[in-house]
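One chain comes next, on its own, written out as structure tokens in the form predicted on its own.
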């Protein structure tokens, strides 16, 4: 406790900015939930319906991966634009982004079956089926097992190295106070943002869009990106609220910071709707059979109902719910909408993945719950592991003073 107080004093403000024993406690609880959830998922999946397990696992994975990628994108953005308002909360974002090794590990139940030629998820994993279909045969240079794995290795190595480097340089500045670290990270994040856009887009295509290898959309990566950003900011807000409830960052993070996080939640709710409509409108207008089939499945029967529900719960309701300035500055109200957005973003992933399994009815299963809870637990445990012995605030960042005094107009 003495070390905590000393660190807080060094940062120029009296606040608890160390996790200390809370990190171990959180890691144990979240990790335990994660192990039980994923253990139950594997047990249920491989003793009953393998297809249900694989699709439920991919749904949950696409959801949790979007939060991790959203976190890394946000950290890169803060350095790129030399943001000052976010300095006091940036370390929490860095810790969430540092979960990339765990996210890479969680991808293995998807990657290994594909590598072994299992076509439960991806028909292109079976080379015989690929070459038996003329259209798919033309895509075999890209859609094949070996190149799929190579691409994923590139994504996760890049994300993992970048997230670790950004966190390590931020921690180094805590010790040395070297102001030049800021300019070095800003220079690094310019090309990194371009690579983030490319890797995120191709990852969305590889994991989700190639479930239907004959379908294509040039805007699908942006669609996934929009959901990733809004879901990350929602998770980010809840993480900060949880820390404050447990006596961390109680004075450092104010309604001004929540206000800006709420603005991003609001903005990307609208942006998601814009991209979703743009993708649908262009495909509807062109009326090309290879493109319209994907929407045809989602426009009829039970899936048609889900599509209409998505318009309301993913856009209309949260748009008006987050419109007020007062909502963004109220922790309880913002927390409600953060939970809402995370739930409906999961529904969005369900809507993207599950029609590949059943086109006529909604294949919801207890596996959807166990996979999601298990991955969420492992994600939180990984972030808690990274937070051990670290300040939750970059105490010697030259922009910290302005961040602490930040006010919205």
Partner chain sequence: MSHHDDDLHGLLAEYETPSALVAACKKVRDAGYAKWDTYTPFPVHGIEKAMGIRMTGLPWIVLAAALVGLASAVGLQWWTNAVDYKFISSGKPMWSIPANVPVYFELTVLFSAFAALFGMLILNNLPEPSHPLDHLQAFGRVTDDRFFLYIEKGDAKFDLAETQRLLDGTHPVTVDAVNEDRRTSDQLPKPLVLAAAVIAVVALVPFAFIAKARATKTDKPKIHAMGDMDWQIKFQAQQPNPLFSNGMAMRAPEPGTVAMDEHPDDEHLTAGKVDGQFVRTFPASVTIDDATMARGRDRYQVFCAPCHGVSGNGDGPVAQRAMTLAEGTWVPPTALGQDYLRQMPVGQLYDVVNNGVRNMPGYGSQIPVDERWAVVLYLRALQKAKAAPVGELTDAERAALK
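Residue numbers count along the first chain shown, from 1. Note that the structure is a prediction, hence the values are computed from the model and not measured.
Another form exists, predicted together with its partner chain; not displayed. Remarks below refer to it.
Although the partner is absent here, residue 284 lies within 4.5 Å of its partner chain in the predicted complex, judged by heavy atoms. In the predicted complex, residue 277 approaches its partner chain with a heavy atom inside 4.5 Å.
Of the candidate stretches 155-163, 238-246, 284-292, 92-100, only 284-292 has residues whose heavy atoms lie within 4.5 Å of its partner chain in the predicted complex.
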